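Next up is one chain by itself, shown in structure tokens, the form predicted on its own.
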């Protein structure tokens, strides 16, 4: 499952059992999106636990995350909700911050899927994609959360790893913190629309993926190094693995109980990099 240059290890196993095989404080970044307990139809997982069962299960697998995470590591947890139950992600992150697990919430990022903005000439433009709902009580849900959890709350980040140019270039010389660079912190709102696809079954055969760019943002804001070890306990069809490869990460570990999803992940990774030694490590 490994090669001299890259080690992308995808395992068809329950994430708790998989993480038990990893050493203490052996992972730099965990980026993942677990099931939200909304009744989503996965291939091999039943997404219909009771609220208490879901919280107990979440504490069980996140305790393993905390054990394998390095002292200055980052745990990026993507969570969403449904309009009729908007507290789901907040209840879970409060539980993970409590005594049962003991993470610190260091940052909260907002993944904006769709947004309407007004241009300078007054036009209102809508960009992005979302799943529309038909309701006279709720509005369309156009965003999700990425909670940045750490062990002590003092993990250093590369704030300019996602830096954006200044709109008004006079600010470059006005502020000492720029050090002459045309780059500023992007902040915690990330507009990342889904890519348009023709066939979900062929192009995105998973009911709840996040974009590759979302996982790449997490790796970049933590601070990229080639020797980073990145873990996704719910790797699915491999979007976090693709992000790690695009960022230049050499060590990636992913678990999923669905062998079909992992098969798709391996094919996607192999198509991104046809080097024989990497392809052999994944198949």
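These numbers were taken from a predicted model, which means no experiment stands behind them. Numbering follows the first chain given and starts at 1.
The following text describes the form predicted in complex with a small molecule, which does not appear among the structures shown.
Checked against the small molecule in the model of the complex, the residues 209, 95, 107, 114 give one hit for a heavy atom within 4.5 Å, which is 209. Listed stretches are 22-30, 220-228, 35-43, 245-253; the contact stretch with the small molecule in the model of the complex is 35-43, by a heavy atom cutoff of 4.5 Å. Looking at residue 257, you'd find a heavy atom of it within 4.5 angstroms of the small molecule in the model of the complex. In the model of the complex, none of the heavy atoms of residue 269 sits within 4.5 Å of a heavy atom of the small molecule. Interface membership of residue 237, defined by any non-hydrogen atom within 4.5 Å of the small molecule in the model of the complex, is confirmed.
Within this chain, residue 15 lines the site of the small molecule in the model of the complex, having a heavy atom no more than 4.5 Å away.
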